[in-house]
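This document opens with one chain alone, in structure tokens, the form predicted on its own.
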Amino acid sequence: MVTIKDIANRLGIAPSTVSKGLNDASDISPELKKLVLDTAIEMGYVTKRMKKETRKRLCIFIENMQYERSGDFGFDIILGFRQAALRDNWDVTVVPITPVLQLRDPYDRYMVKNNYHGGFLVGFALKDPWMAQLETTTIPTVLFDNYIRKNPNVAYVGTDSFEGIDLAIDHLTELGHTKIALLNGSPDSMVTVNRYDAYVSSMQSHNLEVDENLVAYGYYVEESAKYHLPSLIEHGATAILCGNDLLAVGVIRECERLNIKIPEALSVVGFDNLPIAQTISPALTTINQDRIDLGRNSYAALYWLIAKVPISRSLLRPQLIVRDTTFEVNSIANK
């Protein structure tokens, strides 16, 4: 086990100075504090406060996602995580994060400085500064819908996109659709890449052509739909599979503006099963991912990482929820 004296010997300074650096004392320079902390991290040192079972701390970092109100995508994920963590007497802090903060404070240093035993990262993009740092982190860390290869300290939690997309395309092909478009989110997101790969795989398994003219990338927000809908319809789409429910809601509202009838003229499928999927008219056919269970599963993965069990991926099974935005192609032709 690494001690303060080991760190002092590595740096050639007094153990008392190392102790000051680890405890954020005011009588040493910020540069020396940084050096002490970075060296401690590199050597695998654990502070006394982190060892205390009476003060067990976890942090949820959230970016690019709404989470503060019931109905927000991140709200139930955080709720499920906290519910599970509370049973094991963990303190859970939620920290909204930005790329600026990530550049200012490397991930491991931030975790050690704030005495967190583990982190749960939600809504991060592939290009975020911390994502590269997670390749070598020694801090137990769980990522929602992101994956780091070859680091036993980092796990990926999500819903099985391949099974979810396949359920949607099963449903649409049973209704006679062959021109199925994909309206996806930002290509900087790993879940976007996964859902595209799942779409290609499922289309091929159903012996359907993958037409790149029927694939569009925007952002996971309602407003993106209006920029891509005309092109997808122009290229013959009779059904649009959306990367999340907000994009699907955008399609429904843009179709209403353009006087395109759903589902008679166009079938629409979402992904998430947000509360708005039930309240919008027509009610949205979608793939359900249980966000409370996602939060609980994320805590479970982090628990085992802290216990030195090298979790890699933990995926929930999705469920198809059929509502009013999907329709038989033959029924359209007979009208």
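Computed from a predicted structure; not experimentally measured. When you see a residue number, it is the position in the sequence shown, counting from 1.
Note that the form predicted in complex with a further copy of the same chain isn't included here; everything after this is about it.
Is there any non-hydrogen atom of S19 lying within 4.5 Å of a further copy of the same chain in the predicted bound form? Looking in the predicted bound form, residue contacts with a further copy of the same chain do not include S19, since no heavy atom lies within 4.5 Å.
Quick one: does N23 come within 4.5 Å of a further copy of the same chain in the predicted bound form, counting heavy atoms only? N23 lies outside the contact set for a further copy of the same chain.
4.5 Å heavy atom contact, M43 and a further copy of the same chain in the predicted bound form: No, no contact at 4.5 Å.
With heavy atoms only and a cut-off of 4.5 Å, decide whether R291 touches a further copy of the same chain in the predicted bound form. Heavy-atom contact with a further copy of the same chain at 4.5 Å: absent for R291.
Partner-proximal stretch of 291 to 299, 64 to 72, 31 to 39, 270 to 278 relative to a further copy of the same chain in the predicted bound form, 4.5 angstroms, heavy atom: This holds for exactly one stretch, 291 to 299.
Selected contact from I78, L214, L229, V154, since only one has a non-hydrogen atom within 4.5 angstroms of a further copy of the same chain in the predicted bound form: When a further copy of the same chain is considered in the predicted bound form, the option within 4.5 Å is V154.
Answer option from D105, D160, E222, E254, heavy atom within 4.5 Å of a further copy of the same chain in the predicted bound form: Of D105, D160, E222, E254, the residue with a heavy atom within 4.5 Å of a further copy of the same chain in the predicted bound form is D160.
Using a 4.5 Å cut-off on heavy atoms, what residues in 69 to 88 are near a further copy of the same chain in the predicted bound form? In sequence order, A84, R87 come within 4.5 Å of the partner.
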